[in-house]
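What follows is a single chain, given as C-alpha cells, in the form predicted alone.
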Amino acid sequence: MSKSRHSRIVEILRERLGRDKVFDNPDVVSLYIREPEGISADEMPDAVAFPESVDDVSIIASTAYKYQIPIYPQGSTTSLSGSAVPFEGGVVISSSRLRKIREVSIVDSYVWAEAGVRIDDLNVELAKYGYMFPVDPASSSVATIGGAVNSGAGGMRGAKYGTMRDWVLGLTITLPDEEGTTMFIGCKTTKCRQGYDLVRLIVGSEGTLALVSDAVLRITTLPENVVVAVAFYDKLSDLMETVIEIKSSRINPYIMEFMDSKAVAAAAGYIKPSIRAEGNMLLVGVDVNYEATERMLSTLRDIMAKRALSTYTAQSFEEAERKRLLDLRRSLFPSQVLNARRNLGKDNVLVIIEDIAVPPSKLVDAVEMIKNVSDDLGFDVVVGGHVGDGNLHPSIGIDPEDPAMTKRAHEWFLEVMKIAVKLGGTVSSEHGIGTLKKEGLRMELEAHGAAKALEIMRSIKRIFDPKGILNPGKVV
C-alpha cells in the first residue's frame, strides 16, 4: 500500500473508531507480525485496531470492504501454522479489549464470553460455580476464546472432551461486506437445528470467513477428583499395549499423554524431576468421585506397572502437583528448545513442531516411521503428544540461518504429513492449516478422493468474503 493510501486508511479508521483504537506506530505494529514457531511477515501491516464492541468490529469490516484492505483477526498469536500472520499488509484486528464474560448460566450449561477472554481466566470464573470449559491448549494461560474458535483448538483433555467444535453453541460474527453485517448464529441451547451448521463452519476456519466477537460455549462440571499415574517403558510397544489395556478395561481417561525416551531425557535435563525419568513416558489421569479413588488408582497402577520400568501415582491432582508428576509433560516445548540448542551448539535455533493425528492403534507405527524419516534427513527428532486421541507433536530443531537445513526441514515437515495420511490419519489436529499445511490439506483430501472439497471450500470463502480481504492466503 502506498504511503498516502496508508495514511488515508489509518485516518479513516481513527475517525470512525476513535484515535485510541487504531495504532500505526512501528513499535506497536511489530508486536503483531509473528508466531512462536518463527513464522513472520516480511513487511509490517499498516495498523493495528483494537475494537471494544461488536459495533467497532462492524465498522472495521465495512471500512475494509469499501477500501479493499486485508484484515487479520488476532488473539494472542499462539498459532503454530502461520494462520495469524499478516502477510499482505492491511490491518490487524486485536481482540485484546474484548474481555467481558457476559453471562454464566449453570442451569442452561453455557458461558457467554467475548473473543479476547483468555481460557484460563474463563476457567477461574467458572470454578466459582464448580464448572469448567474443558478445552485446554498448552497456551491456555494466554490463548483467547476467539483464537481457540478460529483455530479449532484442542489440548490434553481432548481424549475425553474433544476440541472446540464440540463445545461451541453459538457465535456473534461480522462479515466483510458493505454494512459490516453482524449476526448471531447458533443457539444458547445444547440442542439446536438451524439448517446448515454455520457455527461448525466458522469453528476452525482460521479467521478466513468471518470475524468472531463473542461465543456461547458449553460448560461442564469440574471433576470431583482426578487420580494420576505416570509410568516409564523401555519399549514404545509396551507403552501402547498398556494404552490398549486401559481402554479395554472401560476406563475413559481425563488425560492420556506420552513422551518418547528422547523427549523424556530432554525434559529431565531441563527440570531435574523428583522421580526417576528414564524411558518412554505414559501419563494418565482419570476423573472419579472420591469414593472410587482407591479402586481406580489400584486398577490403573496394576495395569500400568505390568510392563513398566517404574510407576508413580497420586490420589489427586493436588498430590500429583506436589509430587511434580505433571512437570515432564508440561516442559515438553522448552525441553525441545534446549535439546535443539545443545545439538546445534547455538542459542539462535528454530524448533519446528508437527501436529498430525493417527488412529491410536497406529501410534507405534507412526513414531517408528517418523524416526526413520528424521534419521534419513539428518534430524534429531523428539516426539510427544496426546496418545489418547492419537495426536502427535514430533519436533526438530534447525538453524534458521542455514538455507540447506531449512530446505531439509520443509521436506521433513511434508514427509511427516505423508505418514499421517498413509496411516489413515490427518495432517492437522489442533494447530490448523494456515500457510504451512495447505499442501498437506490438498494431499489428504486427494488421498480420500475428495479433491473437489477444496473447490467447495473456495466457493464458501467467496460467499463469506467476496473481496478476499479476510485473512488472505490462509487455509485455501
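One-based numbering along the sequence shown. Keep in mind that what you see is a predicted model, and the values were worked out from it rather than measured.
Another form, the form predicted in complex with a small molecule, is not on view; read the next lines as being about it.
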{"query": "Among 318-326, 81-89, 356-364, 269-277, the region lying within 4.5 Å of the small molecule in the predicted bound form by heavy atom distance", "finding": "81-89"}
{"query": "Site check T77, V212 and H431: each within 4.5 Å of the small molecule in the predicted bound form by heavy atom", "finding": "yes"}
{"query": "Partner contact for V227 in the predicted bound form: the small molecule, 4.5 angstroms, heavy atom", "finding": "no"}
{"query": "Partner proximity in the predicted bound form: L309 to the small molecule, non-hydrogen atom cutoff 4.5 Å", "finding": "no"}
{"query": "4.5 Å heavy atom contact, P36 to the small molecule in the predicted bound form", "finding": "yes"}
{"query": "In the predicted bound form, S151 touching the small molecule (heavy atom, 4.5 Å)", "finding": "yes"}
{"query": "Listed residue (G158, P73, G285, G384) with a non-hydrogen atom within 4.5 angstroms of the small molecule in the predicted bound form", "finding": "P73"}
{"query": "Proximity to the small molecule in the predicted bound form, single hit among C187, L222, L377, A138 (heavy atom within 4.5 Å)", "finding": "A138"}
